[in-house]
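In structure tokens, one chain follows: the form predicted on its own.
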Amino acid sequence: MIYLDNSATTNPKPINVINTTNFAMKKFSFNSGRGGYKESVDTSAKIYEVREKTANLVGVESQNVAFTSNCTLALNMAIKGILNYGDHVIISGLEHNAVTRPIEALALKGIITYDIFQYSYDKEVILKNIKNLIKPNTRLIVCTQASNVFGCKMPIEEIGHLAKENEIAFIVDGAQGAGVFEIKQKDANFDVYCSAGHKGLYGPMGVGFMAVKDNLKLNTIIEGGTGSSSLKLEQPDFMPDRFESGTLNNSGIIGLGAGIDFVNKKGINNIYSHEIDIIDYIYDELKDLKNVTLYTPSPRNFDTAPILSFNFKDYSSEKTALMLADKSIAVRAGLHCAPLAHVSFKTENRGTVRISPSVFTTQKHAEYFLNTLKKLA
């Protein structure tokens, strides 16, 4: 199979991630922080080791990383942890439903109001669009690091500075950014950075994280046992315990640590260069095919994640994806859980076919995909 759906989840996983995750099931299948016996203590130490790796990745203190089951839960915890009755929120027109649905749910309950700023290839226009929406009660800006549909990268650092200047909290959805782009809290000025472990960090499914800047106090949406302050009926008020109720996914977290090791060894910039070269090559070939519709400029001409959307003939995106699947090529079709992005690019009625390579995607994989599509033409 030629796998080109890596922005959904990376596949294959690096061998060190597979081996480490399997080993963790044997060696670290104990409740961390819940026992004084050696195995529990060793498990706690291993989880902390991964916490440090994750913190270093995004530039926060290790205790400010809370592990979750996925990026969606992390975003829900961050969004609902910051907002209160009467607050106003600004989100982008490229957001995934992991952002839009929690925001919409709060709005439907009359708790908050929100506005959507439009994406532009000109970052100054983006900043202007955000500024025009700021109100006296604007409490939060939520923004994807890069679109999961069209690859469009947001000027996170500039948005972060704008948010800080206006004393507005800033959440970054890093699902398509972690492991692909370098990001540090001191540069981006984010209050919370959320991401998945199974995408650009090459970890197993079922693990994500929420990284919080120092001294940020968030409300909880989940409470329960943490192994700390157990005599008190209220949830602990310190990180990471405040947001890690219940038993952790030890093997997933430890596998994530191996994924971060893999990314660090390869080098984030090297991974990005490889993947964007693949996308650039595919784009150049597709633009000359009369039956192919592309929606963004060449990757050489704008700041983009290694993601490309297209459509073929007058087919639905799902039909094209099924035709490619019959030739053992895995792509993603439809709306990609990001209807706002499709409305922004006027593809909401058809969706798009999405290609997203990984570090394991080769030139031959790209050539096979292109040759297959040309034969279908």
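Note that the structure is a prediction, hence the values are computed from the model and not measured. Heads up: residue numbers just count along the shown sequence, starting at 1.
This next part talks about the form predicted together with another copy of the chain, which is not shown.
Chemist: Mark E39 yes when one of its heavy atoms lies within 4.5 Å of a heavy atom of another copy of the chain in the predicted bound form, and no otherwise.
Modeler: Yes, E39 lies within 4.5 Å of another copy of the chain in the predicted bound form.
Chemist: Is P339 a contact residue for another copy of the chain in the predicted bound form, using a 4.5 Å heavy atom cut-off?
Modeler: Yes, contact at 4.5 Å.
Chemist: Given that another copy of the chain is not shown alongside this chain, does T226 nevertheless sit within 4.5 Å of it in the predicted bound form, heavy atom to heavy atom?
Modeler: Yes, T226 sits close enough to another copy of the chain in the predicted bound form that at least one of its heavy atoms falls within 4.5 Å.
Chemist: Taking another copy of the chain as it sits in the predicted bound form, is I355 in contact with it (heavy atom to heavy atom, 4.5 Å or less)?
Modeler: Heavy-atom contact with another copy of the chain at 4.5 Å: absent for I355.
Chemist: From the list L289, A105, V125, L294, which entry has a heavy atom within 4.5 Å of another copy of the chain in the predicted bound form?
Modeler: After the contact test, the surviving option is A105.
Chemist: Of P236, G93, P155, G81, which residue is found within 4.5 angstroms of another copy of the chain in the predicted bound form when only non-hydrogen atoms are counted?
Modeler: Checking each option against another copy of the chain in the predicted bound form, the one that comes within 4.5 Å is P236.
Chemist: Among 214 to 222, 268 to 276, 137 to 145, 186 to 194, which stretch has residues with heavy atoms no more than 4.5 Å from another copy of the chain in the predicted bound form?
Modeler: One stretch meets the cut-off, namely 214 to 222.
Chemist: Out of 60 to 92, which residues reach within 4.5 Å of another copy of the chain in the predicted bound form, heavy atoms considered?
Modeler: Going through 60 to 92 in order - heavy atoms within 4.5 Å of another copy of the chain in the predicted bound form - the hits are S69, N70, T72, L73, N76, K80.
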